[in-house]
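This document starts with one chain, in the form predicted alone, laid out as structure tokens.
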Amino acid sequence: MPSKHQDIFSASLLLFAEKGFDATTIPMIAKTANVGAGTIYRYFKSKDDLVNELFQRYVSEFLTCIQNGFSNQTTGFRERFHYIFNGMVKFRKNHPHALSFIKKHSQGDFLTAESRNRYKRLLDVISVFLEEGKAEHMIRPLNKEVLIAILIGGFMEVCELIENQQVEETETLLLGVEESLWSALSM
């Protein structure tokens, strides 16, 4: 990816995560990326195209981080949860603003069918895991949307506390968050 393209992506991610789609303008992105507004239009047809490319990229990377632990032939359900949690942590560390961006934009009217499909694939992977857990009587018999909200929502709120420097990210904190989320989900 050319450097200017990456600069635009980084600036866009930061601004969309902080301000949201509607409050972020192409001139704001250009200024933050230290490029001219015309440069942005060389890479993207519109702000909608930019936000969709950004959304698809980070949703796909989030899904990859979550799925990577499963290739280790994990057997126990709790162990699989551990790998999902670690994938979420890894994603947040690699892309500090991406979770806020995904959270704020996952229901946007501007999302294309491809963006919605990628987000659905992410939710489907988590749903399958949770439904298997319910079938094995490991996960509470709640609606899958509620279970996802507990898992992802709780994690994102902690991430925001870390990003806003309200709590310090430590290994002890992460272990406690993982155990708390597991306790909230499990029977």
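Note that the structure is a prediction, hence the values are computed from the model and not measured. Numbers for residues come from their place in the sequence shown, where the first is 1.
If you look for the form predicted in complex with the DNA, you will not find it shown, but the lines that follow are about it.
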Within 4.5 Å, heavy atoms only, which of 39, 32, 60, 127 is in contact with the DNA in the predicted bound form? 39
4.5 Å heavy atom contact, residue 25 to the DNA in the predicted bound form: yes
Hey, in the predicted bound form, is residue 155 touching the DNA, heavy atoms inside 4.5 Å? no
Closest heavy atom of residue 143 to the DNA in the predicted bound form, within 4.5 Å or not? no
Flag residue 134 as yes or no: does it have a non-hydrogen atom within 4.5 angstroms of any non-hydrogen atom of the DNA in the predicted bound form? no
Contact stretch among 46-54, 119-127, 144-152, 60-68 - heavy atom within 4.5 Å of the DNA in the predicted bound form: 46-54
